[in-house]
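Have a look below at one chain only, the form predicted alone, in structure tokens format.
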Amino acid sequence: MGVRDIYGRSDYAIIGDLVEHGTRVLDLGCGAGELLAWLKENKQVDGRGVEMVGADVQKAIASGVSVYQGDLEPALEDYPDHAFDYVILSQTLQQTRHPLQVLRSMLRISKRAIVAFPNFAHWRVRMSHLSSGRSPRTELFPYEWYDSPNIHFLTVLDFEHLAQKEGWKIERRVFLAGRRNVTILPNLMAEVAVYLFSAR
């Protein structure tokens, strides 16, 4: 059974495919550790997680996953260079205070980084903003502007531009709309973007 079938997360399915067997993995903002538990069972990874919400940390530990409770941004500074093969940040980049520093730290402590984020340029988000004249509210962005955990809104083009500017090597890019892979006009048509990238 695939990770998507267990947890209903299309980005988890892609990430599960990207991570190689027997590698060292750090999952930032790992929630209750579902992805780490799947990777541990199915890919025999040596997995660690960082999560801020205490109840989620307890669930992760109860399921046999090693998770540290804390803010991922200062936690990243505590890890030595090249401590992991992969660092994963799924659906959390837009909630970090200093996303560029987070991404740079991910590449400092790992050979490869995997990031998944909701695409703020998706056509439904654009239409919501255009038709309502208010901050967009969609399935991916369901919050009112004043209580949203999302503090940085990025698009496929934004990430591609940043990777080029920073000199990162994008090894894989996968774009999703629901469970479907998007192959044309991803900045317009993709709801979620998943990138595997590394420092050159």
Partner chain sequence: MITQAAIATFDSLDLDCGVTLAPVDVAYETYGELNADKSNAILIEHAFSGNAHAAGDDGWWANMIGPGKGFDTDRYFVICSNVLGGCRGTTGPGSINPATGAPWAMTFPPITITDMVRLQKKLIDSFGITKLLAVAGGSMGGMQALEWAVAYPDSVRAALPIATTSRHSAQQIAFNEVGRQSIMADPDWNDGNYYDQRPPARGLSVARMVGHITYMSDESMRQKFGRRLRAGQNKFEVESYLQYRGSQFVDRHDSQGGFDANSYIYITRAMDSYDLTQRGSLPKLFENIKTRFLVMSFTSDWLYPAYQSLEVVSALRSRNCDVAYCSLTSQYGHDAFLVEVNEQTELVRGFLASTFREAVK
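Residue numbers count along the first chain shown, from 1. Everything numeric here is computed off the predicted structure, so don't read it as measured data.
Below: the form predicted in complex with the partner chain, not depicted.
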Using heavy atoms only and a 4.5 Å cut-off, determine which of Gln164, Asn42, Ser148, Gln58 is in contact with the partner chain in the predicted bound form. Gln58
Pick from Val156, Val67, Leu36, Val174: which has a non-hydrogen atom within 4.5 Å of the partner chain in the predicted bound form? Val67
Contact with the partner chain in the predicted bound form for Val102, defined as at least one heavy atom pair within 4.5 Å: yes or no? no
Taking heavy atoms and a 4.5 Å cut-off, does Tyr79 contact the partner chain in the predicted bound form? yes
Is Met127 part of the interface with the partner chain in the predicted bound form - any heavy atom within 4.5 Å? no
Hey, in the predicted bound form, is Ala62 touching the partner chain, heavy atoms inside 4.5 Å? yes
Taking Ala121, Leu140 and His152 together, does each of them reach the partner chain in the predicted bound form with some heavy atom inside 4.5 Å? no
Listed by sequence position, which residues of 80-102 have a non-hydrogen atom within 4.5 angstroms of the partner chain in the predicted bound form? Pro80, Ala83, Phe84
